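Presented as structure tokens, the chain that follows is alone, the form predicted alone.
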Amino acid sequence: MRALRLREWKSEPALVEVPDPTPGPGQVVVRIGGAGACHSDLHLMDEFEPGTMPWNPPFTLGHENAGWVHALGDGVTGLSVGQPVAVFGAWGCGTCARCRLGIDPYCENPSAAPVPSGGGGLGLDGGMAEFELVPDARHVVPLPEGLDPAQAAPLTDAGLTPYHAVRRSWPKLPPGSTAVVIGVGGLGHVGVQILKATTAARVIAVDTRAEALRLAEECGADRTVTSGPTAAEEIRDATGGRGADVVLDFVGADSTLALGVAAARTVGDLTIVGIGGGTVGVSFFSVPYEVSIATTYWGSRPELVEVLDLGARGLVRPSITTFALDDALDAYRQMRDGTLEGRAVIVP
């Protein structure tokens, strides 16, 4: 089969021929119907080097995957060949307390995982190929009726990651509250939809790009603000001077984190989802009282089931642009130069 493989750090991936995978006991081979291209893949290509991660190339890219069951290993039950499925992308040890709850991204025994702190497309072969080998059937989640694999694929990360970030702040998002989404890109525009689908909060979207703010409005944002020196003041004016109960930063740069602190309400949440490399200083007087600052990584397997349900009901629908496997490198080039519309999905 053909696969888009990262062969070494700081290099472009290449489309090459590799053997078709064969499932061992407890494993599943998925025929890929859609593989999302994530901005974090660009970090693998452009920035990472030996020692950055506990794993190294070569491996097939693609950690947002959905398709159909192609083959089952011995002992696998509850799945059938041809069944549409999504792949939960974080592959932990399966036995620690976190993994038993389905929170594999926070596995506490990564040395016993298939690859430490990674998964398909992150240290092991992912879904930018005709088939993907999933090392444990528990990572294969049946798709609800009416959800196409190409549409489901980005929900496994671009949907799951913002869903987890929003879900943890549900108690702070009752009627009358305000949530701010900073960065309306591949994850941020889905975050706006999730907020509108699962909370009663008013949603303010912030971005530097006019087209991103238009997308935010299409996704249901109640107000948009252009990122800049007056953004925090505009958010405070829109909230009667109180600030935002929840700020979700899908960029994570110094400037956006500073905006998050300036716009946050007392007893609010500032959740850092983007890996822009920024930092925020915390001291007694530097942030509003009782503001909780947290980072999140991906989400849990039970949360993925919930996200897929929202997707099947049309409440959360990522804006996608599809590419053939032959054109996968073009998808990454568009992502790199900022011309990509929505989330790129590779359809082998």
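Quick caveat: nothing in here was measured; it's all calculated off a predicted structure. From 1 onward, residues are counted along the sequence shown.
In what follows, reference is made to the form predicted together with nicotinamide-adenine-dinucleotide, a form of this protein that is not presented.
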query = Quick one: does F59 come within 4.5 Å of nicotinamide-adenine-dinucleotide in the predicted complex, counting heavy atoms only?
reply = no
ask   = Going by a heavy atom distance of 4.5 Å, is T256 a contact of nicotinamide-adenine-dinucleotide in the predicted complex?
value = yes
ask   = Heavy atom to heavy atom, is G183 within 4.5 Å of nicotinamide-adenine-dinucleotide in the predicted complex?
value = yes
query = Should T224 be counted as a contact of nicotinamide-adenine-dinucleotide in the predicted complex, where contact means heavy atoms within 4.5 Å?
reply = no
key: Candidate stretches 130-138, 266-274, 89-97, 143-151 - the one whose heavy atoms come within 4.5 Å of nicotinamide-adenine-dinucleotide in the predicted complex   = 266-274
key: Among the candidates T208, N109, T239, T198, the residue which, in the predicted complex, approaches nicotinamide-adenine-dinucleotide to within 4.5 Å (heavy atoms)   = T208
inquiry  = Which residue, A216, V166, A179, L187, is the contact with nicotinamide-adenine-dinucleotide in the predicted complex, using a 4.5 Å heavy atom cutoff?
reply    = L187
query = Looking at nicotinamide-adenine-dinucleotide in the predicted complex, which residues in 289-309 have at least one heavy atom within 4.5 Å of it?
reply = T296, Y297, W298
